[in-house]
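Only one chain is shown below, in structure tokens, and it's the form predicted on its own.
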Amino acid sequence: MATLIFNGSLTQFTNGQTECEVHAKNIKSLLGEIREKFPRLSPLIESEGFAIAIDGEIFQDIWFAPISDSSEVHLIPPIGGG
């Protein structure tokens, strides 16, 4: 199973959990699994436009990017600036 890492402020929506194992084989199924495991993250995922890093490569809006059993996956919230 792949490892999903929650960085920084995201842990407030995961009850302090910083990582978990996921069965997802692509980003689309990963988002569904996150919604199921961490329902408090669901509104953020749908409205904020998160990016996802799989093994160090950042993906955004690529629903079928593959996730292997040995992958390390990071959920990256949008970065504000001005």
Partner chain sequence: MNDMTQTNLQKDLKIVGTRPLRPDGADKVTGRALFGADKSLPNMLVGRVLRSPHAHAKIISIDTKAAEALPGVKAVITSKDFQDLPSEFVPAGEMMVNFKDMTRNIMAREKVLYEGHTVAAVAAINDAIAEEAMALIKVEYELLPHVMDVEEAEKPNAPLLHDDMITIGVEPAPKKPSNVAKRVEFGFGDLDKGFKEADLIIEKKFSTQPVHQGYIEPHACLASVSEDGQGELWVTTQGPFVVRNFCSKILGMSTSQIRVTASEIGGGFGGKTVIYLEPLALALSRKACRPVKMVMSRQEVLMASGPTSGAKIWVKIGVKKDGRITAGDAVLKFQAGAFQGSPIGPGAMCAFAPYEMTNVRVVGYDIVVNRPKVAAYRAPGGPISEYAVESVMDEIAQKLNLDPLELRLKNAAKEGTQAPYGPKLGPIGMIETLEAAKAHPHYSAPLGPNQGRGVASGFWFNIGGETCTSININEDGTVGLTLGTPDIGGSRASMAMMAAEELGVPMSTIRPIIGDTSSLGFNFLTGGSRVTFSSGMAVVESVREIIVELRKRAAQLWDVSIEKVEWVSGHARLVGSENPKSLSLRELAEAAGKTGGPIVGGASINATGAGPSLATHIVDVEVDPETGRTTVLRYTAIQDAGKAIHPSYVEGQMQGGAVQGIGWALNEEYVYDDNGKLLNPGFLDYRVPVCSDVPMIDTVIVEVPNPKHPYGVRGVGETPIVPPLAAVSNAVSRATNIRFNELPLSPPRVLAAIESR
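This structure is a prediction, so every number in the text was calculated from the model and none was measured. Residue numbers count along the first chain shown, from 1.
This protein has a second form, the form predicted together with the partner chain, left out of what is shown; the following refers to that one.
Quiz item: Can any non-hydrogen atom of residue 70 be found within 4.5 angstroms of the partner chain in the predicted bound form?
Solution: Contact check for residue 70: no, nothing within 4.5 Å of the partner chain in the predicted bound form.
Quiz item: Does residue 7 make contact with the partner chain in the predicted bound form, using a 4.5 Å heavy atom cut-off?
Solution: Yes, residue 7 sits close enough to the partner chain in the predicted bound form that at least one of its heavy atoms falls within 4.5 Å.
Practice problem: Answer for residue 56 alone: is it within 4.5 Å of the partner chain in the predicted bound form, judged on heavy atom distances? | Solution: Contact check for residue 56: yes, within 4.5 Å of the partner chain in the predicted bound form.
Quiz item: Does the 4.5 Å heavy atom contact test between residue 31 and the partner chain in the predicted bound form come out positive?
Solution: Residue 31 lies outside the contact set for the partner chain.
Quiz item: Taking the partner chain in the predicted bound form, which residues of 11-27 have any heavy atom within 4.5 Å of it?
Solution: Sequence-ordered list: 12, 13.
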